[in-house]
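A single chain comes next, written as structure tokens; it is the form predicted on its own.
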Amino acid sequence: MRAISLSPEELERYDRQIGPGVLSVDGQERLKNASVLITRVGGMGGPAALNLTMAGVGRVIIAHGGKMISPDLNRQVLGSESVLGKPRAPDFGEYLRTMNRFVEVEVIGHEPDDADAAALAARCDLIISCPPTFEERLRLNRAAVQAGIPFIDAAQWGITGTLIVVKPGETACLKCLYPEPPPFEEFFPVIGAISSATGSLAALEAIKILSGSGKPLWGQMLTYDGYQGNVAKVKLSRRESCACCAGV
């Protein structure tokens, strides 16, 4: 990646996250020089995109189709009642731009298909996947594995959230865990707080990976059971016969 130095204004902006045990100046510059795709940017992807924007990731690409509906507002932190009945993505992008003038926000008003996902992965350093459907999640996983870039899958249901952090060629990918898309309930119940918590943790993993700080959850599934208040980590194993990552 091309080195980009931080301006005095940026150093002031990020002062509270630069220091021992947090980010180094070099780590902050790495964030500035990075591009991340987040799709979608609802309950989980919205907080993820917001946290990456505030943290100073140089280019934040968001992809989300459709119009805002009232049931979305229990969890979509980038939206508001003023957007009801209107396309979500442009409004989400404008909100993110108000949060950090040093960050480029690119908006895609639809969910990526196979070709889109591959093209986006080729110009990104990391993908955060937040779609509800397994078809979309596996598509993004495949694009990341083929491009050789880190992939973070965030999922939610009820009061439970999960994260999977993939390092192509070294750890299990999402398809190792789900060889075939399992049955899916489109309008599943969810509490907005678990969405925000899961999306924020996904952003934290991305910040660690991109900045070279901390210890990412490579090859692990993190689960937070909000109903019981339990946290669990499980090491995932690669499948030798995986149709996505075998041979990578």
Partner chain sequence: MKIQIVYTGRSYQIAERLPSEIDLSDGAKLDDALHAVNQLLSDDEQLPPSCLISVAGSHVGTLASHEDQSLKDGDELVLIAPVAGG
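Numbering follows the first chain given and starts at 1. All figures in this text were calculated on a predicted structure; none of them were measured in a lab.
Another form, the form predicted in complex with its partner chain, is not on view; read the next lines as being about it.
Enquirer: Give me the residue from Gly93, Pro131, Gly79, Pro150 that has a heavy atom within 4.5 Å of its partner chain in the model of the complex.
Expert: It is Pro131.
Enquirer: Using 4.5 Å between non-hydrogen atoms, is Val22 touching its partner chain in the model of the complex?
Expert: Because no heavy atom of Val22 falls inside 4.5 Å of its partner chain in the model of the complex, the answer is no.
Enquirer: Report whether the minimum heavy atom distance between Arg16 and its partner chain in the model of the complex is within 4.5 Å.
Expert: So Arg16 does not count as contacting its partner chain.
Enquirer: With the partner left out of view, is Thr162 within 4.5 angstroms of its partner chain in the model of the complex by any non-hydrogen atom?
Expert: Residue-level check for Thr162: yes, a contact with its partner chain.
Enquirer: Should Asp26 be counted as a contact of its partner chain in the model of the complex, where contact means heavy atoms within 4.5 Å?
Expert: Outside the cut-off, so no.
Enquirer: Go through 173-181, 141-149, 99-107, 80-88 and give me the stretch that gets within 4.5 Å of its partner chain in the model of the complex, heavy atoms only.
Expert: Result for this chain: 173-181.
Enquirer: Enumerate the residues of 194-229 that have a non-hydrogen atom within 4.5 Å of its partner chain in the model of the complex, in sequence order, or give none.
Expert: Met221, Thr223, Asp225, Tyr227, Gln228, in sequence order.
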